Structure formats: C-alpha cells, structure tokens
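What follows is one chain in structure tokens, specifically the form predicted on its own.
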C-alpha cells in the first residue's frame, strides 16, 4: 500500500496560505494532490486551496480551474504527470462523467485504506476522539453488488435514455451497463428503454415538468425482481409489451407504476399500483423472513448488510437485557435478528410504509414481544424510556446521514443502557454524536464496513460501553 494513500483526509486551511494571485477560471496549472476531502483530493496552488476529483494522494497533474471563490478553487484533471502506483483503469466508460463511482480509479486495497482513514480522521478532527479504528471490512463483491436500481429517464420521444446524473448536475449520462448493478440491471435498463422507444413514451423534462416517464426503479433480491415505472401523472401507455419482455428474461418479476407529480427531486410519489407478476419479494436472511415491496427500505449490498447485522448482534450483550430498542429500524430485519422471547423489543421508525413492512416481519417471524412504533425517535424513545424506568436497556441506533441530535443523545444517556451499538452511514455526524455521548460511554469498538465499493461512502459499526 502506498504511503500517499495514508495521508490525512483533512482539507488544508486557507488561513495558513500566503496571500498572492489566485488562479483564474480556465487556467491550467500544475497541481500536487496532498490530501483527501472525501473523494476529492486537496492541494495548494498560488495562494489557493484547490480541490480536484479523480486523483490519488501523491499524484502530480495538470488541472484546469473550473471555479474560484476567494482562496478556494475547484478544478478538473487534464493530464497526469506523475501517477500513483495505486491507480487502475476503471471498467466503465462513464467514470468521471456520472456521479455513481468516485473511487473506481483506485485499487481496491487502497480504497479500504482510504475509508479506514476517513473514519479515523473524522473521529479525531470532528469528534476530538482518540480511538482505534479497525481496518475496513471488504465487500465480498466489489462490482455488481447493488440490489437496487434508480435511474432518471430523460431524452425525447423515440430517443429515450436512462442513466445516472452527471456529477454536480441534473444532466443524465446514459448508462447502459453500470458495473455496480450487474447483469440484471443492465438487461432491465435495455428492456425498458427499448420499450419506451417502441411505444413512443414521452420522457420527463424537469425544466417545464412535462413528459411522462420520470424514473425507472427496481429491486433484485434472491432472484426476484420488482420493477417500477415512476410516472408524471397517469401512465396511459400499454404496459403489456414491457411485461412480455420482462417475462422473457426474468423468471420471477413484478411490474408496478408509481405516480409522482411533485415538482421536486423526490423519486417516488405516494401512490404505487401493481400491474402484474409478484407483489413483493420474499426471502430469508440471517434466519429472518422478510417481504419487500417496491418502496421498502433495504440495504443495497446484501453481503455486507448481513456482515454488519451479524456484528451488531455479536457486540451486544443482552444477557441482562429487559428492554431492547432499535432506533431508525426500517423494515425491521435487524430488530428481528436481535429480538428474543426473554425481553421486550421496540422498533422505532418514522416512515409508515416501513412500519407496515415491519409488522409483516414480526408476524412472519413469530415475535410476540416485539412492538413496532411509527414515529420520530426524538419523540418516541423518551416515551419508551419513561414507561420502562428501572429496567435494563440495550439500544441500537442506525440513523440516516444526518445522524442523531442532542435530544436523542441525552435520552440515550438517561436510559443508561450497558451497551449501545451505533451503525453509521456518515462518519462526520457519527463523530459529532459520539462526542456528545463520550462523557458517559467508552468507545470500545470501531469498525468500518465497505457497504458501497467504488464510492467514498462507508458504513461504520461502533460499540459504546457504559463507564462504571
């Protein structure tokens, strides 16, 4: 592993730079990547802090300045003068254009080092925490791991394209075969765009909110496909040709139409109509039976999801537990993995459709002492704590990217469970929250998991132990 990849991920403060002429837009300058700021590299040039994507720490390159504000600039690589030994050729022609992959130019071992360092640096710099971060657990599959597809549909009638948004824009880069999705996603995309062009479906135009087909979304788990056409109003085209094409390729599939007329960037609307085939995906992971509908929340990487949930169960000592609470529980797979007939379990989730799925899971898995609560964790967790005073708690939190907040952290401390497992998808908000909890809890275990290979995102599992 190269020394360059182990460099600090922190941006370089502009206050430390010598004031002089800064580069101008369209200037081509020689640049050395000195550190990382998420997936971008950061370095100095003529009194300016410059951020450049698609480079590796230690590389020297010519870059073109795209944007300048005061002493900060953003640039695009033009020519690499001194490449890193960790540089590889990405297996996708759209790399650097679409916003899907950000690290596909870096050898996988180096990606894991990058993610370990990202977590460690955020804990140290954001949280002011001096803790040991274990190496990042690799994904068993580094390509073709995504079980979910979500593609905007654009273009014009007869020339429909589906793909990924270009980096930092809403221009669609046509993606016929994304390496992250695998063969099923490529074949579904090809079938759908061919159908749209044959039938004359009008794609959506977000400039004037015209057109019909907005997105194609899909989930493929355990050989079962649920495909959803997101429509800007009623979808009045004949769907039978699409259903026939899907049946020729997929043994088990379901076709749906979701209606979304909102003038925003939210993908799914509130109304989903079943057209034909499967109504839901059925499966069993980690001994838990589940059902997935088109709008069900489910981790995108089956292999790593199972590793994370198994680790959470291993880290939690429930031998003395009287009440277990799973906060931000989604459809409840982890809750059912952890639930036990010896104690009461509560799962808190704010999305009603997810709670509907969680109730199905509880029935499928015969969990009579599990209660699914629909509501905000900040509101519902204090109620559960207040109604179970003097009982021994075990708590799991798996929040969205925004993390917890001060009120939730204070409620966790009030409940004073012997152990807390925190599953995080954003190590910066994780660091902030751990800092708030560190006056009562020791951070005994931090392990990143590569849920999202080829991207700069990383999942982290943390165990906190009550300080005696």
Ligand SMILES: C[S@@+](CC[C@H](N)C(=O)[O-])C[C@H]1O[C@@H](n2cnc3c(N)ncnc32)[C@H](O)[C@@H]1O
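Residue numbers count along the first chain shown, from 1. Computed from a predicted model, the values in this text were never measured in an experiment.
Below: the form predicted in complex with the ligand, not depicted.
Note that among 384 to 392, 291 to 299, 128 to 136, 154 to 162, the stretch whose heavy atoms approach the ligand to within 4.5 Å in the model of the complex is 291 to 299. Checked against the ligand in the model of the complex, the candidates 195, 328, 346, 253 yield a single residue with a heavy atom inside 4.5 Å, and that residue is 328. Among 145, 114, 309, 220, the residue placing a heavy atom within 4.5 Å of the ligand in the model of the complex is 309. In the model of the complex, none of the heavy atoms of residue 241 sits within 4.5 Å of a heavy atom of the ligand. In the model of the complex, the ligand sits beyond 4.5 Å of every heavy atom of residue 284. By the criterion of a heavy atom within 4.5 Å, residue 174 is excluded from the residues contacting the ligand in the model of the complex. Proximity of residue 166 to the ligand in the model of the complex: non-hydrogen atoms within 4.5 Å are absent; the residue sits far from the partner. Residues from 254 to 287 do not approach the ligand in the model of the complex: none has a non-hydrogen atom within 4.5 Å of it.
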